[in-house]
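Given as structure tokens, the chain that follows is alone and in the form predicted alone.
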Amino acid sequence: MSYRFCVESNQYLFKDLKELMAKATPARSGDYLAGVASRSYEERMAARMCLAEVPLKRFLEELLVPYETDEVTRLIIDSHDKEAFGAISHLSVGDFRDWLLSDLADAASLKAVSSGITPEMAAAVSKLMRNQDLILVAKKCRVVTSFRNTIGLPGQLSVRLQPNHPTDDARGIAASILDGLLYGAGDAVIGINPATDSLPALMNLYHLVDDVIQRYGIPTQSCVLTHVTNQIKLIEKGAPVDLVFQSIAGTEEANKSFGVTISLLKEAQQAALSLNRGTVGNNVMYFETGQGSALSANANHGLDQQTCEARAYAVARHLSPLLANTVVGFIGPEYLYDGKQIIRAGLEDHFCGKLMGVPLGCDVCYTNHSEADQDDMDTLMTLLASAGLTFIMGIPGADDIMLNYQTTSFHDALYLRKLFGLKAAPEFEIWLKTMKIMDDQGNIQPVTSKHALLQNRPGSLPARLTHDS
């Protein structure tokens, strides 16, 4: 079905819903690279005016990626909650925007309809929104998950402690973990991006983090961000796996480029559940996404990158993760050129994920060849915190020396918590106070060499925890 809109003497014709969605998207380098972006601001506004009139039901009838050839599309359609959708089924995209911004759309009503919202519906309405709209609606969405602590409660901002090391050196990783814990980071997860895929070396990393968690009774979870097939093998070998990680995308073909299918992810989920390691919940999955991943795999099917990204959240939602996050500026300026585009993308992703019921956080980041800097990241993380962001990254100095990109630091998390009066996960906060890392007012306390966390320093780690690739 084609869509037509006239602006004074100019007439714009959009051949189908896929093109209309792409043309309505705010400008970004990835869509220009894909050849789907609007040629002018006028064309973009014409597309948005058309899109506002499209009934939400249309997205269940005019599929952007064919049902027959794409398992993500089949998942979206086959798992669609028609009962939840009933409350908004009469709305157009523009009406949906108005409802989301109204006082009628409170946390309870948004949760009630979340499983009826498809990724394409979420992406479509985001394209009609200003940044402040994305922030206001996301703030009202509540997605709560749990494993050894509870993530996503009102007034909470969690932190993934990311102690990466370019050679997976156990002492270097342990030192970063210690640093982060003393700044109150780590309640989302202590998650390591390994430099190697060696199973013995990965096993050492699992035991390293698990020993720290068990030794000090920390109510948090660990994750080693290797490929899901490695994690399944390590579970079979007895590794202490808390969360299973995988990067995911919004089309079957893009996921295949990552070496995964939905059935493989389900297999991994069941393997992790079989270990029964959670204490307050059983959300065992951790997913990462990012705008541009489908296009970089030549698997975007002519879609704009933001709509592809929203489709990844359908995969995440299906597997009930503890955490999911958009690594927003990581892929590079070919997809998000500068700070302005990264900021917009981060707000869109957070909005779409939360609207769909996904516990979305954000790796507020950029690569060194992007037209962005740490001031842009300060702006984005502040806006996201005001929007109720689930979690951010915490890395020494905001500089990941293994992945070679710029992200957020332990100090950044303290700034956000102090500015907005936010807290860590309640179980983790109790531990911080018990360990005298935090006082009763929520302030981080200086520690001496006699502090309990400093009695077993990285240099005294058991020999089996030293790196062996």
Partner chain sequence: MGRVGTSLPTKEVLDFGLAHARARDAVHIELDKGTLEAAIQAEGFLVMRASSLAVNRSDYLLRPDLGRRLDEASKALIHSRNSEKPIDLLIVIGDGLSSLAVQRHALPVLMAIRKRIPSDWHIGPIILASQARVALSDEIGETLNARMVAILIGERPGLSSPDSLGIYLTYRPRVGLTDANRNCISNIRPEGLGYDLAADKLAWLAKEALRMKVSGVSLKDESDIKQVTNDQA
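Keep in mind the model is a prediction, meaning the values are calculated, not measured. Positions refer to the first chain, counted from 1.
From this point on, the text means the form predicted together with its partner chain, which you will not see here.
Residue heavy atoms within 4.5 Å of its partner chain in the model of the complex occur in exactly one stretch of 132-140, 354-362, 326-334, 152-160, and that stretch is 326-334. In summary, among the residues L403, A37, L422, M438, the only one with a non-hydrogen atom within 4.5 Å of its partner chain in the model of the complex is L403. Checking D95, D373, E267, D169 against its partner chain in the model of the complex, a heavy atom within 4.5 Å turns up for just one residue: D373. Contact between S198 and its partner chain in the model of the complex is not found at the 4.5 Å heavy atom cutoff. In the model of the complex, L414 approaches its partner chain with a heavy atom inside 4.5 Å.
Contact check for D399: a non-hydrogen atom falls within 4.5 Å of its partner chain in the model of the complex. Contact check for K418: a heavy atom falls within 4.5 Å of its partner chain in the model of the complex. Shown here without its partner chain, the chain has S29, L33 in 16-38 lying with a heavy atom within 4.5 Å of that partner in the model of the complex.
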